[in-house]
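Below you will find one chain, with nothing else, as structure tokens; this is the form predicted on its own, and questions on how it binds or moves follow later.
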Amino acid sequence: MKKLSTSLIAAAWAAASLMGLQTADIVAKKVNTDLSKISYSADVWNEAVFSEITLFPQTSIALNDKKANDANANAKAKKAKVAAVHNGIQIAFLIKWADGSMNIQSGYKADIYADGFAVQFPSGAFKPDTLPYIGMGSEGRPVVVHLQKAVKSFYEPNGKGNVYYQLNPNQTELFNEELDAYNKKVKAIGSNDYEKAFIAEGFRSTTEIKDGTDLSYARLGYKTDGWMGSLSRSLKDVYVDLNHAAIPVAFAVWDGEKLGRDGLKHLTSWLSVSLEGNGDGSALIAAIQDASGDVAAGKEAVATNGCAGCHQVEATDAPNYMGPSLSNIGGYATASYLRESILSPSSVVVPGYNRNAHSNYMWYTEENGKRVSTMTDYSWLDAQTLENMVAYLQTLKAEVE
């Protein structure tokens, strides 16, 4: 059965590659500039080519937070502009997106959330037709995620190692001029750069990279009515190898005004980036492109095969807590991911149950410590029906605001 599934995926991928001219979503222009520490305001972006991308609201699982759910009801997709450059050693990205409110995290308050962005890459040797699950990777297919949030100046960790200057001023014995001098010193050594890199291989596996091997540099700035976020990093380190003709990348943005955090965000599917001067990346580009099936026939096949028995399929359908909602799946799932999910559900189990669901509505069971999906195995489908279903599922996405 596994052999049949693999052949079906290969056939569908081959069909997708025949759709016509294959163009990368983003082109990384080759430059001679040192990219190790460039920000969103660097001159190098004047040489770059900007592409428009769409980020879709993540809707697979509703948060157990009525206020946040209400604030994001009927959320629309967001447009953003992205550019990339590389110099053969490093690669850099710049993303610009509109946001009418500037939300900055202050302290550790549970009801105030920050605007921010993330850039994600597959870790290790990636295969175009079996890329990791968007957001946090999947078993055997880890991802590296670079996160940058808007935060007020903070003093721990500040890299100085002086705990004294991390005290609240009220806990010192200083007054008047001495207290003023103390506060100036604290401000001088503070930082508002919330930059972290993580590696993840599925739910609850996200781990911050702190061993000094992550060679990246991210910055975030607000101008007029929107944010600009930049990330530069080495093309290759112990976690990631991006030195190819074309690479996959995914973006996410958070809106603190709407209580965005964790899984409450806007994100893209895997996008293809062509590295200028690095050769032919058509295999990766073709694998990420949409399916070429018949959408109407696919909708009928989804209904015939009982998908609505476990999933909320379209946004107008009633919620169904047996499985994740598919109402926006076309926004952040590649055709390859959808094919694999249908043919071999246990290969791409999306972990984490909806906390509001009935306890008997299990998405998966565990056998010998491994997640086994309760979804029916559809590996018996013929290649054309599969491609039709995937083409239909890719139409399920929010309108653009």
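All residue numbers refer to positions in the sequence shown, first residue = 1. Being a predicted model, the structure only gives us computed values, none of them experimental.
Not on display, but discussed next: the form predicted together with a small molecule.
Chemist: Decide whether W45 counts as a contact residue for the small molecule in the predicted complex under a heavy atom distance cut-off of 4.5 Å.
Modeler: Looking in the predicted complex, residue contacts with the small molecule do not include W45, since no heavy atom lies within 4.5 Å.
Chemist: Should M375 be classed as touching the small molecule in the predicted complex when contacts are defined as heavy atoms within 4.5 Å?
Modeler: M375: contacts the small molecule in the predicted complex.
Chemist: Classify A68 as contacting or not contacting the small molecule in the predicted complex by the rule of any non-hydrogen atom within 4.5 angstroms, answering yes or no.
Modeler: No, A68 stays farther than 4.5 Å from the small molecule in the predicted complex.
Chemist: Does I342 reach the small molecule in the predicted complex, with heavy atoms at most 4.5 Å apart?
Modeler: Within the cut-off, so yes.
Chemist: Counting any heavy atom within 4.5 Å as contact, can you tell me which stretch out of 229-237, 119-127, 318-326, 285-293 lines the small molecule in the predicted complex?
Modeler: Correct option: 318-326.
Chemist: Could you check which residue among A75, L271, C307, L259 gets a heavy atom within 4.5 Å of the small molecule in the predicted complex?
Modeler: Flagged contact: C307.
Chemist: Name the single residue among R141, K299, H311, K265 that comes within 4.5 Å of the small molecule in the predicted complex, judging by heavy atoms.
Modeler: Flagged contact: H311.
Chemist: Answer yes or no: in the predicted complex, does the small molecule come within 4.5 Å of a heavy atom in every one of A80, F93 and A98?
Modeler: Contact check failed for every one of A80, F93 and A98.
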